[in-house]
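Only one chain is included here, represented as structure tokens and corresponding to the form predicted alone.
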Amino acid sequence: MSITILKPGFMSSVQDLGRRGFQQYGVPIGGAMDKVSAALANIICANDENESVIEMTLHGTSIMFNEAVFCAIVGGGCKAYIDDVELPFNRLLWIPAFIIIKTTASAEGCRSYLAVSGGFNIKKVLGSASTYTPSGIGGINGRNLITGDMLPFKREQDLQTAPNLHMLPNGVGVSHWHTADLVEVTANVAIVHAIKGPEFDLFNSSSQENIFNSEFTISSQSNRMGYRLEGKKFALEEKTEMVSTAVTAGIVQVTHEGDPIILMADAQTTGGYPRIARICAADISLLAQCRPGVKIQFEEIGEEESLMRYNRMVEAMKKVKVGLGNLD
């Protein structure tokens, strides 16, 4: 009861929704970059939202299913195929044993998530199976997936529990229903809602104006720790020595060179750069689907609207969960 990684593609890793409660010890929350899509893949498989999934970045992944299994793929950055037949995303899939799924490039998005019914049997570290490579913990030996890795399932599959599936000629089953895309995927300009950061007032007037009125490009020098942005430079009104303070995903820091960096899932827990803005929590998954080269523009909102947007995302997820539960 397992899958085998034949090719990890650009980058693949085991993730869940992260390890919380250890930031005071310098351990980041980490977890899936696009937590909404990861949770949605698990919901489709009738799993707990925090079950471990495979995060596939962009394309080139090849996976063999050693046992028949129910699964789901959600997110962007790739298209998935079995014998040149494209698989639909956001649906429950029944994959027969010894089938190989291959991913190729798509025009939009950056990360896709594969969940299996019951979840993967991955040892947890500090309450999470998420891979955090800087410390070498979680996932498979604390590293990204490589050719030959086998990921076991938690339990055997039972075809008798299958819903009414549409069976393809190759034996693959596809649910008649599908869930909505809860995360916008764009190849053009992504509008990212943000709030003024704690040090916003320390920046000069030009910087304060440019943060919400300019386009930025996600640099190729970006990763799971942070997105470096190319575009306008920023400067403080007066040179100030900053004291390291708590940071987390979504904080927009400005380096000594004036470059903005958006902290992402694997960001450090403290930082000494001034924080010019903070991304709305509901938009972090959108950012996770923005690949290098995509342009983004910040749109200023207040705390109240930020909370409203987050609550709206939570409610949308609940509606999907209730809707799928009513299909039983």
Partner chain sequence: MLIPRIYNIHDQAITIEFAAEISEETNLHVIALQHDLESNPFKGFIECVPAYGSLTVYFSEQVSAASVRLLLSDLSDQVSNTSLATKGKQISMPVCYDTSLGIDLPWVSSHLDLSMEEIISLHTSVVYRVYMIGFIPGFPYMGTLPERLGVPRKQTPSLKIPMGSVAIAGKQTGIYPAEVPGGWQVIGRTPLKMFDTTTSACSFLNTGDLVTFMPITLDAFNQYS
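Residue numbers count along the first chain shown, from 1. Worth saying up front: this structure is predicted, and the values here are computed from it rather than measured.
Keep in mind that the form predicted together with the partner chain is not shown, yet the notes after this line are about it.
**Student:** What stretch, of 96-104, 214-222, 142-150, 120-128, brings heavy atoms to within 4.5 Å of the partner chain in the predicted complex?
**Tutor:** Among the listed stretches, the partner-contacting one is 120-128.
**Student:** Looking at 85, 246, 167, 180, which is the one with a non-hydrogen atom within 4.5 Å of the partner chain in the predicted complex?
**Tutor:** Residue within 4.5 Å of the partner: 246.
**Student:** Could you spot which one of 62, 66, 270, 297 gets a heavy atom to within 4.5 Å of the partner chain in the predicted complex?
**Tutor:** When the partner chain is considered in the predicted complex, the option within 4.5 Å is 270.
**Student:** Although the partner isn't part of this model, could you tell me whether residue 28 comes within 4.5 Å of the partner chain in the predicted complex, counting any heavy atom of the residue?
**Tutor:** The answer is yes: residue 28 has a heavy atom within 4.5 Å of the partner chain.
**Student:** Evaluate residue 264 for contact with the partner chain in the predicted complex, applying a 4.5 angstroms cut-off between non-hydrogen atoms, and reply yes or no.
**Tutor:** Flag for residue 264 set to no.
**Student:** Would you classify residue 258 as touching the partner chain in the predicted complex, given a 4.5 Å non-hydrogen atom cut-off?
**Tutor:** No, residue 258 stays farther than 4.5 Å from the partner chain in the predicted complex.
**Student:** Answer for residue 171 alone: is it within 4.5 Å of the partner chain in the predicted complex, judged on heavy atom distances?
**Tutor:** Residue 171: no contact with the partner chain in the predicted complex.
**Student:** At a 4.5 angstroms cut-off on non-hydrogen atoms, which residues of 122-155 are near the partner chain in the predicted complex? List them in order.
**Tutor:** 125, 126, 132, 135, 137 sit within 4.5 Å of the partner.
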